[in-house]
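Below, in structure tokens: the form predicted alone, a single chain.
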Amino acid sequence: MASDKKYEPTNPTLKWVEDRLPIMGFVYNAVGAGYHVPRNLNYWWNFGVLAGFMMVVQIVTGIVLAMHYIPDITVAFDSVQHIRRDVNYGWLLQAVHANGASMFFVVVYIHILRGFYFGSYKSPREILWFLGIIIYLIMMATGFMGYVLPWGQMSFWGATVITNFFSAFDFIPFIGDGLVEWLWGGFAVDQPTLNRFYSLHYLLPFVLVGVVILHIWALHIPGSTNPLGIDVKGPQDKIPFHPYYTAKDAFGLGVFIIFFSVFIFYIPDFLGHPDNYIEADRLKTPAHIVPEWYYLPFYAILRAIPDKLLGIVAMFGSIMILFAMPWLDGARIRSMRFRPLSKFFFWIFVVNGLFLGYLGQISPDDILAFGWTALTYAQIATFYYFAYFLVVMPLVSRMETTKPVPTSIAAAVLDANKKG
């Protein structure tokens, strides 16, 4: 969606700079009045901005924390305590960074699910969708490596268990043989492992910034989708991004910061595992090893399959299958607002994902409703997870009867105003 107005500064100095380095023009056309978007965007479209905000927060706090953290297994745990107790406002930086990771995943999960519901992955936005999934994969890698750095009990044993899964690929010539030792930098999770994870945890966020820039670039070529899932028909369907949506995004950001602040100032350790406040002890295994909450659905899928290799393939496949969504969904209408059957199965999928998250944090042998174990429920939930993509979505999207779609965004907005 091209800009409707060119940026032309009136100040002679700004004009001189703009002629030689058109940065302000780029910003104007990217997020300013020069960028026009559909006039019916709602607050579900705020979460992309919130994700960008959290990325900046994580990078800034991470850089400052890196000035005080010591990546040495003998003092790593104590250096985190030093940051919290002795560094000026270190408790605040640590709380923002630790809880910020969770907030980052919260807004990204909602952003992805919004893309599911409103068909943001459909043509011509496939590349935009792919870049979004790549961003998510980089986030997962960065988050896992960051979880190891405090060198608590769950950090150490989580790294040990997760990296050991790669031993299932030992049968692959030249790659699988010794893959785990390569990840560890030795024959166990030790000092070389911490060095590697610290280095990559610091590096990957800057890679993430580069992919996010590509993601925004890819967004500006076809333009934003909208709740109706229909294409922009003309100027009457669009409004300038600034000031209308900058004001709307600012309000959403303010509400989000209040929510974020509750965790920072009142329950900073609520989302952390209690065992991670105990220094790592390789001679004492925790009773129940679990990853951070935002990995729990995939951890449940991993444990649901008895075979180690198939479990790992299923865990990675549960994410990689997202790349196939533009072709799995054969509906001609983007938005599920007009696809009642797809909407029904979508909400079952969301509840199923939350249920997998719950199952991931408890023991597989725990007895739940009807006398079934958590493992049995995890297998059922895993079956539906993959069935949704491979069976439900392809069939329902091609067979269901859809509701009538408005002729244009402007017509729908004006009609809604009349009814209101």
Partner chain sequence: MTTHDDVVEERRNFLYIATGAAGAVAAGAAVWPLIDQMNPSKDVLALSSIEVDISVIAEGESAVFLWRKNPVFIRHRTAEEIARAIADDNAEDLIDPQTDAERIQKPEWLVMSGVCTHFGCIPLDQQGDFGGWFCPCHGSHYDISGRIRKGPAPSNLPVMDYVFLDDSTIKIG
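Note that the coordinates shown come from a computational prediction; the quantities given were computed from them, not determined experimentally. Positions refer to the first chain, counted from 1.
Keep in mind that the form predicted in complex with the partner chain is missing from the display, and what follows is about it.
Annotated contacts: F345, E400 and K403 are all free of the partner chain in the predicted bound form [non-hydrogen atom within 4.5 angstroms].
This chain appears without its partner; in the predicted bound form, the one residue of S102, Q81, S167, S318 with a heavy atom within 4.5 Å of the partner chain is S167. Between the options H220, R114, K238, R196, the residue in contact with the partner chain in the predicted bound form by a heavy atom within 4.5 angstroms is R196. Within this chain, I278 is remote from the site of the partner chain in the predicted bound form, having no heavy atom within 4.5 Å. Under a 4.5 angstroms non-hydrogen atom cutoff, the partner chain in the predicted bound form has G186 among its neighbouring residues. With a 4.5 Å cutoff on heavy atoms, T246 does not count as touching the partner chain in the predicted bound form; it lies far away.
Contact between S123 and the partner chain in the predicted bound form is not found at the 4.5 Å heavy atom cutoff. The chain is drawn here without the partner chain; in the predicted bound form, the stretch among 152-160, 253-261, 220-228, 318-326 whose residues come within 4.5 Å of it by any heavy atom is 152-160.
Along 276-295, a non-hydrogen atom within 4.5 Å of the partner chain in the predicted bound form is carried by R282, L283, K284, T285, P286, A287, I289, in order along the sequence.
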